[in-house]
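One chain follows as structure tokens, the form predicted alone.
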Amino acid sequence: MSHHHTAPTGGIDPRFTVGVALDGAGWHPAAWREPSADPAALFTAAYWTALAVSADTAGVDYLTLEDSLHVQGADLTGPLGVADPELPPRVRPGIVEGRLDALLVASWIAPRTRGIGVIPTVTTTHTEPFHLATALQTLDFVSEGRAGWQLRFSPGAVDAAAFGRKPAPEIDLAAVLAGRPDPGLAELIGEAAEVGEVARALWDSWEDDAIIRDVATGRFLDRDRVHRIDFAGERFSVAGPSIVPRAPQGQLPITLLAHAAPIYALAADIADVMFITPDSVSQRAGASRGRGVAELVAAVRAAEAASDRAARGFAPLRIVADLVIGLDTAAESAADRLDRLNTLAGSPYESDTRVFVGGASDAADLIGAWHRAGVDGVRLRPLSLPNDLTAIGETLLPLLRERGILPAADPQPEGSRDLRGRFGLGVAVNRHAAARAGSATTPAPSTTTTEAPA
């Protein structure tokens, strides 16, 4: 299907969205020991396909897949994971260690699902922006316009050592948590911003109509519609163009999990969707610790006001609140299950965001209150898989529809299930086509463009 249109990127009113964040056997570290879990299947294609199909069938808007450049056990401390300098990383025998590559899993499950958005985590640190951009474009083709990107950077020494190309920047975590400027964090944010800018430029480097496929004249490509990007930043230079034609969505939605003001500013500059973490008293929440939804929404909107998004053709940031969720079942209350899992883990579970355990009605009450406080959606992190994902689909989503928080039926007709549409982001206008048309609302390319080799 095609999603190429000529309408400007714009401010379509977003409907409320519900996504799920998938990771391992669930977000509780002992979830793999649940009777309903299948730890032997965690590294199989069938496991991830089954979860994705379950979420898709239930009408979940999108799923995200976690990833990082270190095994989970090395990420013990704080929202930035930088306080454990020990090398090599210590694996922990009591938790699920190891992951499949999120982008590759997304590419596997995308054609096996029907309408759900697929958003892998891909880090900007140590990875090549050109590879990252073209791989995500490929995912958008494979998913027929349902791909997104959860942008993340990797601050840890363990991550840097895994590649061996450059040392990790020194970050003063206390300064970051106190909201003070930190040169190390600023370097990572600056690099992430450049990678995001390069990705967006590469995604625009082919215009929608670049491919002609005229058998009679022997012209496959219109070389005037393919552009070098000639990006020259502080950290790298990329000439382009992309090797992948313009993807179905043109610009994939970029999402970002943020706990602190400097990351809000990064999101305001390059992202479409921001995940916030309200109501957590854990140190894992970093600078968001103890802050509620309304306070966080106000802080994000302030960062957004300082960034001239409209000049870059961006829609307003969609703010999505994260919620760890365990739902009651007929056999056991979620609170009892959490207690049991905590006992198995040997310590109470803490998250960077609120942990909810209870019935679907109470969960719907909470989500409704967050909606009224200004968020555009929630991303649910199931406490354990697959049972909490099943419960979300069977009990929570129907309640949200009953209460009018979600539409009664999928508002997107067959053939227009792109992820941008789900977030209400509007159609992404190609910057070169806009410049050619003399548009005043979409920026011209940042550098002079020349034709690419045919």
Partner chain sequence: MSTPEPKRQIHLVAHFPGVNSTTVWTDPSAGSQIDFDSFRRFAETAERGLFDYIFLAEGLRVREHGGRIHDLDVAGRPATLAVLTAIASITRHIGVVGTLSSTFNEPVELARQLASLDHLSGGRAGWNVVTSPDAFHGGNFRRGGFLPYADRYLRAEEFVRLAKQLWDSWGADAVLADRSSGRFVDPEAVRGVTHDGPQFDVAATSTVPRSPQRYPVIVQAGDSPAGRGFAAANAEIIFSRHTGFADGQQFYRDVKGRLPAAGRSEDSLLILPGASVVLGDSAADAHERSREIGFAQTSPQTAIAWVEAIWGRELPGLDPDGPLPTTQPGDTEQRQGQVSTRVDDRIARAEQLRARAAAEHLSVRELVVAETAAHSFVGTPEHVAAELDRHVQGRASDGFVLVPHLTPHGLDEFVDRVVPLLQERGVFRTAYGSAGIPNPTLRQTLGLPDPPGLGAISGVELVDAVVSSSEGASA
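Computed from a predicted structure; not experimentally measured. Numbering follows the first chain given and starts at 1.
One more form of this protein, predicted together with the partner chain, exists but is not displayed; see below.
Within 4.5 Å of any heavy atom of the partner chain in the predicted bound form lies no heavy atom of residue 356. The shortest heavy atom separation between residue 370 and the partner chain in the predicted bound form exceeds 4.5 Å. At the 4.5 Å threshold, heavy atoms of residue 214 reach the partner chain in the predicted bound form.
Using a 4.5 angstroms limit between non-hydrogen atoms, residue 191 touches the partner chain in the predicted bound form. This chain is displayed alone, yet in the predicted bound form one of 153, 130, 275, 203 has a heavy atom within 4.5 Å of the partner chain; that residue is 130. With the partner omitted here, the residue from 94, 348, 292, 183 that has a non-hydrogen atom within 4.5 angstroms of the partner chain in the predicted bound form is 94. Contact with the partner chain, judged by heavy atoms within 4.5 Å in the predicted bound form, is confined among 375 to 383, 266 to 274, 135 to 143, 324 to 332 to 135 to 143. Annotation for 215 to 241: interface residues with the partner chain in the predicted bound form are 215, 216, 217, 218, 219, 220, 221, 223, 226, 228, 236, 237, 238, 239, 240, 241 [heavy atom within 4.5 Å].
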